[in-house]
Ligand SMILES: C[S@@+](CC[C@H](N)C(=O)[O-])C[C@H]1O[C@@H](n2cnc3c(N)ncnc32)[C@H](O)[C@@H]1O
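One chain follows as structure tokens, the form predicted on its own.
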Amino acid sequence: MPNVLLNQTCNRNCPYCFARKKLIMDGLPPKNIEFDDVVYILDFLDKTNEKVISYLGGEPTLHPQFADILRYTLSRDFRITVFTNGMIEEPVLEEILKIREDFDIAEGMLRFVVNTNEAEIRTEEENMMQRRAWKALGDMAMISFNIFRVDHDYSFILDIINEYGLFKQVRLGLAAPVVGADTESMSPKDYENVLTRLTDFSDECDESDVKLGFDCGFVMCKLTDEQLGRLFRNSTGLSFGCGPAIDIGPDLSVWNCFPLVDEETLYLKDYDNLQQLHEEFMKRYETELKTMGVYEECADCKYLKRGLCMGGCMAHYRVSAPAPKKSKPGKAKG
């Protein structure tokens, strides 16, 4: 599922922000995607019958045409995930609710994944605006949480889900280092403790009939067989992969994923379909995807060789290794 940046503006400043490099943009003014370029992207995805899309930013709801983009995308029968911080202005919330009513949206066709933080790094404004968003969106919204230290207390997440009747699933991500940006992230040496805490949290979620969804970067070797079983039971699907996410910027530049945004940038109009882009990034990172790993023992891991675990996030490998020599992307068209 490709990710499309609607803008490069955010009204929050998280210490682990994976998009920070794109928000900085070397001092250039923030850019909003043009509506015509949204149309082009949807046409592009239609070529391979890819009818799912994610909108993010920055904070995507700050785009001046956010509601129009939602309406148009739904009119083309795309399933939409909006990654938001929940600090949504009231007029935009009202537009979202009107869209829900006008389209009689089926379950799952429009989902707002609301990234939230623990209380100590939330401002009063953030608290107020997120509460308003959760109350308005209800089961159209689900919670997302980024892990950037060992000692997070996850229990507040279930309190929010139960209080506001949110969709009963939690997206969990490991904050990764971003090549070329100063962000807080998890060290692989701490993964064992983190995964132990997450396994216990998954049991709490199971008691509330809430499923966990894991983003990329997790590793299998730091889990016991018993923990693997519990996490598999309590999740929407457990995998330990790493590969192209396909992120598309407001200027139609394309990169593998946010942690590697400073390394390899392509241009959407040089390619005919999503499969070509995926194959291009797989080719560029082929060696690392087959041989990398965040631990020394990954080099001889039979599970990595079988493709069951990719050895964690490639960004950890990249920040400690020389960046690849950039080459001018070749056009895939024709």
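Everything numeric here is computed off the predicted structure, so don't read it as measured data. Note that residue numbering begins at 1 and tracks the sequence as displayed.
The next section is about a form of this same protein that is not shown, the form predicted in complex with this ligand.
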query	finding
Check all three, Phe167, Ser202 and Asn234, heavy atom within 4.5 Å of this ligand in the predicted bound form	no
Candidate stretches 71-79, 143-151, 158-166, 100-108, one within 4.5 Å of this ligand in the predicted bound form by heavy atom	143-151
4.5 Å heavy atom contact, Arg171 and this ligand in the predicted bound form	yes
Leu56 within 4.5 Å of this ligand in the predicted bound form, heavy atoms	yes
4.5 angstroms heavy atom contact with this ligand in the predicted bound form for Ala175	yes
4.5 Å heavy atom contact, Trp134 and this ligand in the predicted bound form	no
Contacts with this ligand in the predicted bound form - residues in 219-258 whose heavy atoms fall within 4.5 Å	Phe258
